[in-house]
Structure formats: C-alpha cells, structure tokens
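This document starts with one chain, in the form predicted alone, laid out as structure tokens.
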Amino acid sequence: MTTEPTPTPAPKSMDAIMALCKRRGFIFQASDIYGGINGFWDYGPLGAQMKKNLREAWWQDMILNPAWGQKGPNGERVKCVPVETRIIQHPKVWEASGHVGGFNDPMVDDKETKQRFRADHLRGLYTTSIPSEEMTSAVSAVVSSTANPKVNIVPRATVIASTEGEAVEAIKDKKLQKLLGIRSIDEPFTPFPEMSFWRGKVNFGKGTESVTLEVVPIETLKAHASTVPSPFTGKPGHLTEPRQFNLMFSTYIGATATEDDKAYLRPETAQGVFLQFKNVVDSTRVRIPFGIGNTGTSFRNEVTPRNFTFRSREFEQAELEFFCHPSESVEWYKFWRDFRMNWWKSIGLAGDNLILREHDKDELSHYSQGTSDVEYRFPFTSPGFGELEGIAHRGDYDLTQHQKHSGTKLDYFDTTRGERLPNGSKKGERYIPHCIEPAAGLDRGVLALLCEAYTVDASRPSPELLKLHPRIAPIKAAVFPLMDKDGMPEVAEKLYDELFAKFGKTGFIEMDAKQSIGKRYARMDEAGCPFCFTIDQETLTAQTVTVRDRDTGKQERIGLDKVGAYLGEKLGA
C-alpha cells in the first residue's frame, strides 16, 4: 500500500525574508561595504536585540529556572549553573575531543571552474534516456542506494544542495533541464507548475514519471570521478576525488607563529564545560544530577556556507551539559529531549513546521545511546526540515577522553549512593558521570523565528509583518501621538517614560510622531512590534488610548492609566 505525501504549504519567499531583515535592521551581510564575506553575518539594531532576547530566554529557562522549575526523573527540581569559557583553549583539548583527527567534511573541486563543494551535498538525478521530443517527459529512475551504493551507476546530471528544498529549486534551472533532455534550451522557460518532490522522487507534472534525486554516494565519486558530471558545467571528468577537509580555524598564540604555537578557534562551546567540570564541582555546592550551561561564539570553516545564517562560519551556541548517574541517564535524556521541544514551541514555533526526530541507530556516534534533533521546516529546506537543536546522550565519552589525555581525575564521588553503613550513612560510589547535551544554535533559532513569524496579509495596506512572540520581539511596544500638536506629544512622552521604566530592560519601547499613523503601524508590523498605543483627541478628553494588536490589526480603547498593566499581562512580565 502506497502512502500519499502529506501536502505542505508553498514555502515562504526566502528572498523576501532576507530583504525585510536588511530593510528593518535585523541582519546585514558582514563587511557589506566591501562586498561582504561569505559565511559571516552581522546583526543590526533589531536583530541584535532579538538575538539577545532569545539568549536570555534560554538563560532564564535553562540556568536560572531550569526546565521551568519542573521536577526531573529523580523527583527533585532541576539544578543548573553557568560558566563562560574561552574561544581559544589548549590545542590538546581538540586532540582529546577528536576534533583534530575527525572533524572533517569531504570536499570536491571542479578543476575547470575552480569551485569547491561538500561531497555529501552533491545530489544526482538518475534517469534513463529521455526522449527529447517529449519535452516534459521523464522516465523511471535508476535507484541508487546510499546504504548499499551501486557505484557503477552514475547520475545523468548533478546539483549542489544541502536540503531537499534547495534541490527542488536547483532542478528548475533551464540549463539543467537541457542536460536532462526535458526541454529545448531555446524554448521560452517557465518552471514546471506542478513539479513536486517526495521521498527522493521529482515529478514534473501530470502524465510524467518521476526522476530520482539522491545524494551521490562517496563511493561513486571515488570510483567514477572521471564520469560524474559537474554541477557547474555538466561536463564529466572535471571533478576531483573527495578528500577530507578539517573544519577548524587555526591561529597562532604569541609572536613567533611556529607550529608549536598553533591553536584553534573552538568549533563548539561544549568542551569548555567538560574542562571546568572538576572546578565547578570543587567550588560550588552542586551535586549530581546537575547541569552546566555555556553560551558563546563558535567557528567552523564550512566548505560551502549557504542559506543565509543557517550554515555560517561564525555562529553562536547555547549548550547545556547535564551530568547524571549512568543508571539514570536514559530517563534524563528523554526529559531534556521533550523539554527542549516544548521550549521552542513556547516561544513561537508551535505548528507543523516543527518536529522532533529521533536518530536511527546507524546515525548515532559510537559513544551515544540516543540523539534527537529538533528540526524546523525552513523555506529553503521545504518540504524537508533542517536541524535547529540536537539533544544527545553523550555517555561518559568526553570526561573519559579528557581524563585520559590530561592525566587529571574527572570522576565523581557520590555520597548518596552505595551500601548503607552501620552508622546510617552511605558508603558512596565513585564513577564518571554520563552527560546529556541539549545544544542549540542561537543564529538558527533567530532565523527559524523570523521565518515562522514572516507573514503576508494582502488585505493590509502594507502586507508584510512579523508575528514574533512577545517574549522574543525586539520592540515590545510603540507609543504614537496621532498628531504632533494639541498636547498629544506631551501625553505620549509621559506614557513612553512609564513603559520604558517598566519594560525597557526586555526590549525597545518606541515613540514616533512622524508620517501618517498607517505608515507608522506598517513600520512596527515589519519590525514585529506586538502592540501600538495611540494618543489622540479622545485621550485628552476621556483619558483613554487606542491599542492596536499587530497580529489581528484590531483596535480597542483602554484607560491611559491601564496601559502598563495591559502590556505587562500581554508580555508575561
């Protein structure tokens, strides 16, 4: 029995989202006036505040009041503490963690165009011959299995795509369809209106058969580099065999800059936590089970950064390493897996675009007893999903590795365990704790929230708006005098001061007297501001203001003296 694909809505325009981000000051290309630098992005005034709000929401719910005060599998409130660790650590840290030897991506070069890409992003279109006279005809695919690759099967054409959504966009390209024999290069080009993608099959419309679109196995590239067509020119024989490329940025410490002075920019924040585990235990009163949280910038020298801020070379992480007894680790893994999914829902990602995906056994690291990804359907991954956060059961791998390489004992003496002694106390148990790691990307989080919030409402004079959750919105409220006269600015200024004093620590409070009220509302809609308060003639006579809801566009009147309480309730403050 064949299960039909679940229809997914047409993806939002990533170009439109990126244009709004630049126009309203959320995200800019780094070094923009010099033409930019690939894989690096800067945050403008609204983006910087939005990212700060996301970081602080994580900090509040993972460190200060972890898991919203819930009790864990042990029946007690969850306990977590923070650290802040350096970007540059001792080089041996990354040898112990396995990053120096194993943190690699397979890389391929096109010898003609000199362009470079990740081998595992090369997707092939597998077809038999397509009759050129049937311009929209595509015949049954030759299936290539990545689990058991048939290295003698070479794709007819290739594209570079890290996600299914990218792949679908790539195969709409006129030149690629010429290579496939689907249509003439001279024919006026319009994308196939009914093209769809499901489970690796591309269908070009009614009456046509599907073409298989799959990642080209590394084994195929190695065995048939001379015959696999280039994704840039379509020519075979121009791709190098895959070779490993280490993703870490290297640097040098001190003035001599020899190999003895070589160091690395961290590719993750997690290792800093493991290095300070013993110091945290020795210097605080925390006892297992407990977590250590760390946020900060990490660096990965991606071969092909792409999709706006989704795959960058510099990015910010928010990671928790939760240490527990081995016998309780599976329950703690399930606890954090479920909480992190619910947390993303609570700040604006509830709906069909968010899923929790448990990794199959063949996806797991050798030391992992379980890993789940919170995944979001970005416009460029649709109809598929992209990773937003990973929750991993890391076992005792990291502490064991650092204990081995550093010579420092990193085990833990647990006085609450072991057999009971005659005096009533416990004998105690010494063990290396297991670790559960919820690791979130803040840049990806901001991007997912922006994509989810982006809405087009054609019924509005200005159709674009961001329906950001009030907790994340960079502008919490705006105060508008309807006219810049008759005492309205003075009343507005007083209300602005009141709201700023109460809510200014969580985001911007705007006051604007310029342009028409409609244009001011539209500007706040695009900035994601949830509430606007307008001072008008009735305010002067009846002491009421108009409050406008961003999401619905509806307006109501409330007392001027009730505005602070109203906004506090809406913001959850």
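Quick caveat: nothing in here was measured; it's all calculated off a predicted structure. All residue numbers are counted from 1 along the displayed sequence.
Beyond what is shown, the protein has a form predicted together with a small molecule; the following relates to that form.
With the partner left out here, the small molecule still marks one of 321-329, 67-75, 464-472, 435-443 in the predicted bound form; by a 4.5 Å heavy atom cut-off that stretch is 435-443.
Although the partner is absent here, G296 is not a contact residue: none of its heavy atoms lies within 4.5 angstroms of the small molecule in the predicted bound form.
Not displayed here, the small molecule is kept clear of T220 by more than 4.5 Å at the level of heavy atoms in the predicted bound form. Taking the partner from elsewhere, L388 is found to have a heavy atom lying within 4.5 Å of the small molecule in the predicted bound form. Although the partner is absent here, E302 lies within 4.5 Å of the small molecule in the predicted bound form, judged by heavy atoms.
Think of it this way: in the predicted bound form, the small molecule has a heavy atom of just one of Y264, Y454, Y126, F310 within 4.5 Å, and the residue is F310. This chain is drawn without the small molecule; in the predicted bound form, the residue among S230, Q317, S97, T381 with a heavy atom within 4.5 Å of it is Q317.
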